[in-house]
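Taken one at a time, structure 1 and structure 2 that follow are two forms of one protein chain, written as structure tokens.
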Structure 1
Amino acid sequence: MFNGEQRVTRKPVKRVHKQARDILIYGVSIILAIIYLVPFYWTVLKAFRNSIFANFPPDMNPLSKTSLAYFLTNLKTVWGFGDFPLWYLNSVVVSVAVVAGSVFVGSLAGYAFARLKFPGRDLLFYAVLATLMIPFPVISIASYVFMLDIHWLSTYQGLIFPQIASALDVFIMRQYFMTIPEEVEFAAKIDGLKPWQIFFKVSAPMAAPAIAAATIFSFISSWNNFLWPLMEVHSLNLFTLPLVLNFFKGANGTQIYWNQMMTVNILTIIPTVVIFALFEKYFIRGISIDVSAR
């Protein structure tokens, strides 16, 4: 009788603890969401203004008729500034090329680490992972000297190729390929497919979620890259958007045209949002991989 009463009283207690935990998790999530959204809201608010200063009294609604008119004016000013369409195109071309190259190379390398057996495979894989702990500024000078030696400074290939090798893409693809049953590839081999056909027709399509995750990470990394274009590019014709933001300062750097700079920020955010929206369906599956797979 006592044990029965004890079980009865424990269930509500556990339920209360679970509800309290859920409330805490949701509360923390809401607070973090607000913290992340406030800077974005401030960016939109500044882009929908008619000057570098805040309006008084402040208009907290960026979608009002007046604010939309200001934004269109800022957009027209920014788009007509210098060679802004060319700079925007440069960012698109470089980022798309980097994504195509890094995902392709990462997929091949990840598949090799997952399926091929050769001496020193695991040691080489851990060596590749170790490069994730090396910040780019450490190797930036060596990369710059190498580009100088092969005459790739201020070229598209100089902007693109150093960003293609991505240890993160190799890791993501390798771990996902490890989750694909080998029996599937063995059946394809029995059907007469060659190794490269098995990769492109069987394994790669099954790894679509991992490819989507690698695509998003590679695009964001290249699209927001500031340091390497700053070092590599010596011609205005090859400037990318992160470098262009510096133009919206005064001559002495103390006067910042916030309304125009935030308009550029919004134009910069749009491709990232589009890429994530296109691959969001696969992104969560792609990053939910078994990191302990061997």
Structure 2
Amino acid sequence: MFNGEQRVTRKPVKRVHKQARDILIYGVSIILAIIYLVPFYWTVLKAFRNSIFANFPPDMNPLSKTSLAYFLTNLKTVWGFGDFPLWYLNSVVVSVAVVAGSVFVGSLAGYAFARLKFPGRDLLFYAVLATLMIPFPVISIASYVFMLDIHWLSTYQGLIFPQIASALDVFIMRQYFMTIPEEVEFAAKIDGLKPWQIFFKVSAPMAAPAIAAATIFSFISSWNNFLWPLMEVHSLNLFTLPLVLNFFKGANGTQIYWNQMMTVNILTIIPTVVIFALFEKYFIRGISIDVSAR
């Protein structure tokens, strides 16, 4: 600014330098993305094969006609394996129930902690905060014994209920409700709406992005949950997909049918990846809140 000559002489050099840097950064970004895609690409390739003995190197194009035909055959085999449709349904039912429960419970509590004044509010909020310090695995044995005591082992409620109490959803909702201007609610108050009416008619609809974040976050964690179903479920009828994958792995002794296995894997992975792709923004917001809560 104050030294014109220097600027003139430096500028072209700098631009070239900047361009080279851009190319380097984008190059590395793309290479990294490719590295991250390779395992998934090979998963797809495996699912598009006909036999356990992959020809090496195989037909690299999973979309060729023969490959697609193989995939359909694998899909049919897998779909007919045990009660696969039921297992898939179990995963859907459990995840949807967990999401519905935890988002509803979480938004009620999140609203109360953000907006309503009641005795012991801060203390109770710290109690919720404290649950983040108790990792689920360390209380899983006691939860298992508790389920045994009340005869909830291998039941849907036993699978679903312990996953519902999610401090995280409370945080996501509370955080968002605190950003809604109080004037909005004040106006509703003057119109004579009761606090719960304000929540259901005014605040909750305004918190749609937070509800989306909480929904996606709890869906993915419930869909991917392995430890709890593994302990809770002792009956094939209640298997969820992660259990199926693990079961499938050992179903043929030491021989792994990679093509079928990867087909199951794709069916398991697809819902979460699709949801992530559609709602990336909300999911990432969920993580940043999860992290900031601690």
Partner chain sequence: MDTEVYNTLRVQKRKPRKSKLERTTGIIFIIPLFIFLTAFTFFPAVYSFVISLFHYDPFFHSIYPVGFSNYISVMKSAAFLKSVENVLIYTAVVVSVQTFLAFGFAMLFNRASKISRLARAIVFIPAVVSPVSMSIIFLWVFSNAGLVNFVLSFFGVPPRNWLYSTTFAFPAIMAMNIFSTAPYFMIVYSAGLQSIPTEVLDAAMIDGIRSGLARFRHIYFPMLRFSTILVVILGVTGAMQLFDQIYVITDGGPARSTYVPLMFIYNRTFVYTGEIGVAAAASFILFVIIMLLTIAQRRVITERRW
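Just so we're on the same page, rigid core means the largest C-alpha set that superposes within 1.5 Å between forms. Residue numbering: structure 1 sequence, from 1. A quick note: this is a predicted structure, and the numbers were derived from the prediction, not measured.
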> Two forms of the same chain appear here; which of them is the form predicted alone?
Replying inline: 1
> Does superposing the core leave Ser29 with a CA shift of 2 Å or more between structure 1 and structure 2?
Replying inline: yes
>> Please state whether Leu227 has a C-alpha shift of 2 Å or more between structure 1 and structure 2, with the rigid core used for the fit.
In response: no
>> For Leu236, does the CA position differ by 2 Å or more between structure 1 and structure 2 when the superposition is done on the rigid core?
In response: no
>> Rigid core superposed, I'd like the Cα shift of Lys117 between structure 1 and structure 2 in Å.
In response: 2.4
> Aligning on the rigid core, what is the distance the CA of Phe276 moves between structure 1 and structure 2, in angstrom?
Replying inline: 4.0
